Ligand code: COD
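Okay, here we've got a single chain as structure tokens, the form predicted alone, with questions on binding and movement later.
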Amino acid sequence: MKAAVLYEYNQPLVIEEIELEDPKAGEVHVNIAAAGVCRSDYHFMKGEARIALPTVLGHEGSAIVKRVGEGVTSVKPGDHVILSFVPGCGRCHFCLIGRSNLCDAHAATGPYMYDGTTRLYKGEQRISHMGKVACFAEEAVVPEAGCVPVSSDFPMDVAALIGCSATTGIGAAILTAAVEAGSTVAVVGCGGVGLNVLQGARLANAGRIIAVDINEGKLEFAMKFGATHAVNASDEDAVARVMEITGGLGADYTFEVFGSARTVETAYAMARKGGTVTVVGIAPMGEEASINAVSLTRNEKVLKGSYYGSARPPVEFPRLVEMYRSGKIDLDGLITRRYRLEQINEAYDDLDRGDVGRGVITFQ
């Protein structure tokens, strides 16, 4: 099959033919339908995050089941599925308490399957799978728990977004932060995930929703997804502007959705006393945000992380599907660029340049 392989950091992905082994017990062989162009993959490409190389990236995807391994009962050949890049094991402490996005078994095995091996190879070279998904390829073998069925009439490009950006962003607002109706929200970073945080705040009936970015085009685009105010941090003091909009109080809820120490500090500074700061973006390895310890105590701010929107994919994916069907969230409008697999390096050049919305690689 054809795949995009990362052999070296800061080098283009290599489009080539590689081999895929049959699924083992509890695994599913799928044909990829669509894969989102997400910044999380770009962190690995740039070496800002590390993974076992060589690897096939791609964690935001949808697919059609081709065949199943022994013991698989939840899906069958021909089923359409949304792929989850945190397929909970169902047995560790965090899965058992309903926080499968923090699954210990998945974290321990990372880019390998649950038995510690890979299904991808070229000659004698084994190739790892990002998030046990590796959807920057025509086909993949994934854990059964990483397949959430969706009806065959559901658009597969939209389904791919539910696999990451929609769930991560909307979940951060609704599940992690639990935004309250009438509250003021500030979102720092208006890429694909940030736009979905805005949608989540709108779903929660927030009063004022402030989009913060350094790209004017992204700010204009953000107004379509729930933002009521826009702050361009490249030409004004973003914290001072948010304070002005909120009458000097600060926002009730702030979200960092870019992935850097500086933007974490910005989101913290924008929050009011007693406000909640939710960090969604993944910063480069080694970056540390500086939070004033006295301020944290005296102002009683709440600082929390949000991984995968605190979601349980088998529960939240179907809910987002219904929200999309009922018109409560706009996922079609997020998709502004479509590519073939052969154009994947171009797709990431566009993302790095700051093009608005989400790019999607289509296979079907």
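What you see is a predicted model; the values in this text were computed from it and never measured. Just count from 1 along the sequence shown to find any residue number.
One more form of this protein should be noted, the form predicted together with the named molecule, which is absent from this view; the next part is about it.
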Review point. Thinking of Glu27, His80 and Ala160 as one candidate spot, does the named molecule come within 4.5 Å of a heavy atom in every one of them in the predicted complex?
Key: no
Review point. Is there any non-hydrogen atom of Thr55 lying within 4.5 Å of the named molecule in the predicted complex?
Key: no
Practice item. Examine Ile32 and determine whether its closest non-hydrogen atom to the named molecule in the predicted complex is within 4.5 angstroms. Key: no
Check your understanding: Can Val188 be called a contact residue for the named molecule in the predicted complex at 4.5 Å between heavy atoms?
Key -> yes
Check your understanding: Closest heavy atom of Thr118 to the named molecule in the predicted complex, within 4.5 Å or not?
Key -> no
Study note, to complete from the structure: Picking from Ala311, Cys38, Ile329, Ala63, the single residue whose non-hydrogen atoms come within 4.5 angstroms of the named molecule in the predicted complex is Cys38
Practice item. Go through Ile210, Val142, Val280, Ala177 and name the one with a heavy atom inside 4.5 Å of the named molecule in the predicted complex. Key: Val280
Point to revise | Among 255-263, 285-293, 72-80, 147-155, the region lying within 4.5 Å of the named molecule in the predicted complex by heavy atom distance | key: 255-263
Review point. What residues in 337-364 sit within 4.5 Å of the named molecule in the predicted complex, counting heavy atoms only?
Key: Leu351, Arg358
